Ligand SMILES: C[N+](C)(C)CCCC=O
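In the block that follows, a single chain appears as structure tokens, in the form predicted alone.
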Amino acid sequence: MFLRLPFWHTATSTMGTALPRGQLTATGTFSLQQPLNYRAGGRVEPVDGGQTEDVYEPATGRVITKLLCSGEKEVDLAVQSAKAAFQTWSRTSGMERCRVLLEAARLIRERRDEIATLETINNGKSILEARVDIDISWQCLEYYAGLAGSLAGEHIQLPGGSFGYTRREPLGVCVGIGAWNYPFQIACWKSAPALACGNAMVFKPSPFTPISVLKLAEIFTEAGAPKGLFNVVQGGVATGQFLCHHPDVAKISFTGSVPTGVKIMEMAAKGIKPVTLELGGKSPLIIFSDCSLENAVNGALMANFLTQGEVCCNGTRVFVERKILDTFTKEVVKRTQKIKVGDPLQEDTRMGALINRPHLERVQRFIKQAKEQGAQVLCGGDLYVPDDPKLKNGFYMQPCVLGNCRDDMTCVQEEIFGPVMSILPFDTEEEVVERANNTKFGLAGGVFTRDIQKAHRVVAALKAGMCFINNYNISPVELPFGGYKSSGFGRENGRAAIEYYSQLKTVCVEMGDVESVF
């Protein structure tokens, strides 16, 4: 879920809002009438459910489609579809799976701009970021395609010529439950290792962002995957509960909030199902006085304002050594004020719209509370209304920097999930490490310093699953991603994810006669 291009990058592409194959889409013009479920190789309406939810274009506040939530019967049909496909897919060789995943990656790469435009329309993030998200998505599929053919057990020699061996086997039907901040990318992060290991998947996106994952489902089918290998069910809490309780579901992977993660873990426990939980964060970003100031400022912007600040691992607690506090703060404020907010489909936009009105209001309440508790708004924080009339009902705000913050403030303790940076001074390495770890979360952390020994010493002391040295929010698919403490457990990406989508079978072979003690 991470951008490789910085905020100060100047985009030169003019590909803008054009969709391939003749479809042109600009902000405020998109609408969708097609079914949003995908089962057995095609788009379908759910057979039951009934509850509908509006799906918005954050940039304009328009309703672009209506989502029909899936009921228990539809969930069962999707699981059975996946179960049938699993019987075929699990018997294929790793090289056969490799070829399908490589073809799917090629198709995503070929349709990059189309998928990125859909992502921007439904999520609100800038088209610049969305394109990078899609690049990371096809890279993820390519990476696990490369691993699919190498998955193997091991041979163990035992006394007397006997031996044992292990088999790495798939789990079965896996459930992926995605978040709204990186809809397409999260679907790829979950499906790529699952399918590489021989599993099938039923995926439930956030009801706020149901659109782009349908493209992934269609691409898997077009790439040669068995129909039903990757199914999509739409819905909210009730649909997720049906999936978690279903007896034929073997594993659940969830990205989202801590309270929902707790509930999913409770439901999975009743069926003794393994879970991967990628939950919230309130990550520390530590800026030492011996850093490269320009690089540290760039890192702080990357750690706070990607996807309108709606990123779980953002480094929103920015600890700055007191010696450079004023200089750093002044430069961060100057750079933040220059971030262009507006139409996310415009090439020069660097911050689009938040996901919906309730979330925008929630972020505003955090800022109001911070001021009441003594924080100083150094810039931003207000609602933003673009000049373009078609954007007047969009969910925009100006990126915010808070100064005069203390560790006990709500804005420092709780995940805001919006474009709000809190700056806190510190004096010593020991002090800042203790304060950085004083949180229920443990998803990420970052350090900026020219002293490489100090950098490694500090990240070793941080209680966080993903740490950055002199960069932030750079997460190649080759590296495992996941958290400590209330930020969850299990890992996405890297070879580590293979462990969470497969199981080991041990076989012991006796070459002589069994010696009985009876």
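This is a predicted model, so every value here is computed, not measured. So that there is no doubt, residue numbering starts at 1 and follows the sequence shown.
The form predicted together with the ligand is left out here; the points below concern that form.
- The site is blocked: after superposition of the local C-alphas, three or more atoms of the ligand, taken in the predicted bound form, come within 2.4 Å of this form's backbone or C-beta atoms.
- Of the stretches 95-103, 310-318, 384-392, 284-292, only 310-318 has residues with a heavy atom within 4.5 Å of the ligand in the predicted bound form.
- Among the residues 305, 182, 138, 396, the one placing a heavy atom within 4.5 Å of the ligand in the predicted bound form is 182.
- In summary, among the residues 328, 86, 220, 189, the only one with a non-hydrogen atom within 4.5 Å of the ligand in the predicted bound form is 189.
- Proximity of residue 484 to the ligand in the predicted bound form falls outside the 4.5 Å heavy atom cutoff.
- Within this chain, residue 37 is remote from the site of the ligand in the predicted bound form, having no heavy atom within 4.5 Å.
- Residue contact with the ligand in the predicted bound form: residue 475 places a heavy atom within 4.5 Å of it.
- Looking at 190-226, no residue comes within 4.5 Å of the ligand in the predicted bound form, counting any heavy atom.
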